[in-house]
Structures are given as C-alpha cells and as structure tokens.
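Form predicted on its own, single chain, as structure tokens, below.
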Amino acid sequence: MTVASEEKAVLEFKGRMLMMTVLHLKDLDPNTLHREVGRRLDEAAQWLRDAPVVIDLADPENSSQIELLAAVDTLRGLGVNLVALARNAHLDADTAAMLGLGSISLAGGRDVPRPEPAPASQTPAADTLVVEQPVRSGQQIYSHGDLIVLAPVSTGAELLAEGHIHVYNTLRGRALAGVRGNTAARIFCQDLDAELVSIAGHYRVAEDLPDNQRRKAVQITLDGDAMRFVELSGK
C-alpha cells in the first residue's frame, strides 16, 4: 500500500490532444532548407516557433542518412523544435534515435486543411476585414489591419491580424493579433474559450488562460511582456 501511494504521488498518466506541425520535406539540401525555413520562421508568430515539429520525408527511399542528418542539423540550427521523425517502411525507430528524435506514425492522423478563407466583406475602412460566417476548423483568416468576426470561431480555426481582433461570439480557435509586432494590438471576444491567444508574439495557450476569465467577455492587452485579461462589462 505504501509503494502504490508513493507511485501515485510521483507520476500520473493523462490523455491529452496535442497539435503537432508536420514538416513535409521534399528537398534535404541544407542551403535550400536554411533559406526557405528561415524565411518562414521570420514571418511566424512565436507560438509557431515553439510548436513541436515532426519531420516527414517525401522520398525516404532515396534519402541517405548523411543527407537526413545534415537536414536535421540545419533545422536545429534555425531553432526548429524537432520532436520526432515520421515512421515508414524505410525510416524506423533506430534511424530516428540516431538523429536524436522520437519515432511517430502519422497513420490515422488528420491533416488540417487550408481551404479558401471564409466569406468576408470589406468595410469602408479598407484595412478592416469583417467576417460574417462561422470560421470552421482548418480555416485561416488574415487581415492586414483589424479583423472583426461576427460568428463563432471553431477549435482548429486561426485568426491573424496585424491590428486588433474582435470576436463578437465564441472564440474556440487561435487568435493572433499584432502579428507584425504591433504591441498596441488588442483582442476582444464575447466568449473566451480559445486554444491560443497571442499579441505581437507573446502568447497564452488554453491551459494558461485565467480561470476567472474563461467563457466570459474579455479584452486582452499586452503590458510589457505580460498579457492582461480584463472582463468587459455590458453596463
């Protein structure tokens, strides 16, 4: 009884749905990878830089271990958060271990599609984008100014704006305001239930959202490096 009690206190297994980014490599040339991946990371918000990444080779049968090792070293040098190698008939757990990576099967996983943006209409202010339809899982909407959403934002959906983000409904997906470094950007939502919120690269994931602000109307701002959550009052 004592041993069982100690084990329970030391560790606990929990099931959790985690979103991972799959990097599908069609070219292992280090120079090409450094240029293309570096450019993508320069344009990305901080949360994407921290996202766990799985390498998936387009042509594993004709890729040598030396080429793969050079590619992995290049990606690590760029700060990519590599966690695993996609396992297949030509790449097993031993190859992944040689690279210092885990091995994972992508079978049964579901790609998040990038369909056309949800129907939207421009307001007279040319830099403000208004979305009247629900933003569904897998959809990504980008605004070069402010972004106003009048419908629900589903889990797996993504809102990005160089200015403010307003969601006059439930926000369950990801909202990234000030994506070009605008620290004065704000996020407003009527019902906070987000996977992630970010302002100018500073972010909070679902587990880190203030409990007393969940499922409430809130305003999110940036104060230095800290994100501030303030409940909006209808009075």
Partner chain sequence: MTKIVVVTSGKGGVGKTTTSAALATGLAQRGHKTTVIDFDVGLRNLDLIMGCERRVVYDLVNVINGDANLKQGLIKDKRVEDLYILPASQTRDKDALTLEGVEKVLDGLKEMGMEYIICDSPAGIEKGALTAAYFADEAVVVTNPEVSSVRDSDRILGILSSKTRKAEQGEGDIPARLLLTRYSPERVESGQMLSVEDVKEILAIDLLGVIPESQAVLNASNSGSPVILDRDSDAGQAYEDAVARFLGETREHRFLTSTKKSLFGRLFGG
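Numbering follows the first chain given and starts at 1. In this text, all values refer to a predicted model and were calculated from it rather than measured experimentally.
There is another form of the same protein, the form predicted in complex with the partner chain; it is not shown, and what comes next is about it.
- Considering the partner chain in the predicted complex, the lone stretch of 206-214, 166-174, 22-30, 66-74 in range is 166-174 [heavy atom distance within 4.5 Å].
- Only one of Asn88, Ser103, Asn81, Ser137 lies close to the partner chain in the predicted complex, with a heavy atom inside 4.5 Å, and it is Ser137.
- Using a 4.5 angstroms threshold between heavy atoms, Ser154 counts as touching the partner chain in the predicted complex.
- For Gln133, a non-hydrogen atom is located within 4.5 Å of the partner chain in the predicted complex, even though that partner is not displayed.
- Residues of 68-95 are not found to place any heavy atom within 4.5 Å of the partner chain in the predicted complex.
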